[in-house]
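Take a look at this one chain, the form predicted on its own, written out in structure tokens.
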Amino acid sequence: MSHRSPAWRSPLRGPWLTSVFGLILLFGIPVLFVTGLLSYAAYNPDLSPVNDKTPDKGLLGFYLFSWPTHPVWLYRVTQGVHVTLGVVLVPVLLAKLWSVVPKLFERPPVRSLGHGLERLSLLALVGGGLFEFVTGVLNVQLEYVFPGSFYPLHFYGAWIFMAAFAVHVALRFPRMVRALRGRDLRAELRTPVSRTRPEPPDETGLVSPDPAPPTLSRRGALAMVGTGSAALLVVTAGQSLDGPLRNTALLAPHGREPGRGPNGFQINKTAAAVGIRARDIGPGWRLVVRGPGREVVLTREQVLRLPRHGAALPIACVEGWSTPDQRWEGVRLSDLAGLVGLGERPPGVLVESLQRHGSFRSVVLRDNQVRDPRSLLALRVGGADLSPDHGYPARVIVPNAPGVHNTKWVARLSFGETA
């Protein structure tokens, strides 16, 4: 026989309200998981150890595929949905945990082997869910206060959480359906506080045996959670959308807007923050282009004399923010491959930056990315030279690639190399 603390006396708790929150999460969490897997695939981690932040993933990378360069907005949309939906679901997750908190503190904590296994799965579910949401929100804010790298922590945490989530859904889905059918949603939305009554006791143990008088209706509880989610949508969605909502994106990382003008769009890493010195990007800068048995070294003036092309492309980052399309101008990566005898069907390329510290100092781009005519070694944006914080003297810009793969302060392009 289980016992519960007398502190959990809310008359709102019960299988119906818990099931309403659970139903929302049942639709939302798989979307988060799928968009998260797509975000991981966008890094082409199977292409090179340089790109792979989770080298021990093993079978967890079974789904990986060559990330496409079109449509150019794909990563912007999937990562925007991933981050925005994750933030919007925070009030729902907290409400769901509140609705089942008596079960987390029931006594005795373990009554049998089966009960112990169930409690262990709940630990993975609750702990994994909180871990994923907390690390995700901290990543959006560029606050890396947790030990280790965000990428493997979030990736492995997602698989653990989803395994526990799938087990929980398999065990609880029939009970959730019965609970939802047991009460009429429209009737609950019309019920004021004065007519709010506890749910009948049942085997879930969520209903208090000694409920307190209601101070809030179930309609009020749902409205409070919905209002919280709507408010978070307003202050989050704009960071990945164009238009007026961009001005309301209060949860976007702050202090990253480098003023107005052609270079006045968001950045993550400043030149100073990654150790770029003025002499590194001054007149002595050289671009090294390598191929099998060949090497070409170019000054910026020589690069500027190569055939230049334009492309209108956004930058989209894993934190969920993205820019509107920027008008980039530079030399096609495929043309640079031609300088070292690889112009027919250029292979992938190892891109190395002058960046001294921090992650993604180098990346490997796949052959389809190099061959896309919109993939550029960009020299200018919006009709002006790149600013130092946007990668002067040259940066890579590739359609539909994560922001960190659009390497800034490029020093070397090694075609056909993967590490």
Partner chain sequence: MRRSFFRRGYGDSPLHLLLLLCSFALTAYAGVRLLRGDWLGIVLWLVGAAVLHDLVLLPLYGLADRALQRAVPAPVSYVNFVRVPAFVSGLLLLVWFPLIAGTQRSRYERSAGLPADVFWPRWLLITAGLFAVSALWLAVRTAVWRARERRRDAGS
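Numbering follows the first chain given and starts at 1. Computed from a prediction, not measured in an experiment: that's the story for all the values here.
One more form of this protein should be noted, the form predicted in complex with its partner chain, which is absent from this view; the next part is about it.
> in the predicted complex, which of 322-330, 215-223, 72-80, 345-353 comes within 4.5 Å of its partner chain (heavy atoms)?
Replying inline: It is the stretch 215-223.
>> At 4.5 Å by heavy atoms, is each residue in G127, L153 and G228 next to its partner chain in the predicted complex?
In response: Every listed residue reaches its partner chain in the predicted complex, so yes.
> For A278, is any heavy atom within 4.5 Å of its partner chain in the predicted complex, or not?
Replying inline: Heavy-atom contact with its partner chain at 4.5 Å: absent for A278.
>> Taking its partner chain as it sits in the predicted complex, is V288 near enough to touch it, meaning that at least one heavy atom pair lies within 4.5 angstroms?
In response: Although its partner chain is absent here, V288 would stay clear of it in the predicted complex, with no heavy atoms inside 4.5 Å.
> Is P244 close enough to its partner chain in the predicted complex to count, meaning some heavy atom within 4.5 Å?
Replying inline: No, P244 stays farther than 4.5 Å from its partner chain in the predicted complex.
>> With a cut-off of 4.5 Å between heavy atoms, is L298 one of the residues that contacts its partner chain in the predicted complex?
In response: No, L298 sits far enough from its partner chain in the predicted complex that none of its heavy atoms falls within 4.5 Å.
> Using a 4.5 Å cut on heavy atoms, which of A249, L180, A311, L306 is close to its partner chain in the predicted complex?
Replying inline: So the residue touching its partner chain in the predicted complex, by this definition, is A249.
>> Please identify the residue among L339, M176, V167, V207 with any heavy atom within 4.5 Å of its partner chain in the predicted complex.
In response: Comparing distances to its partner chain in the predicted complex, the residue within 4.5 Å is V167.
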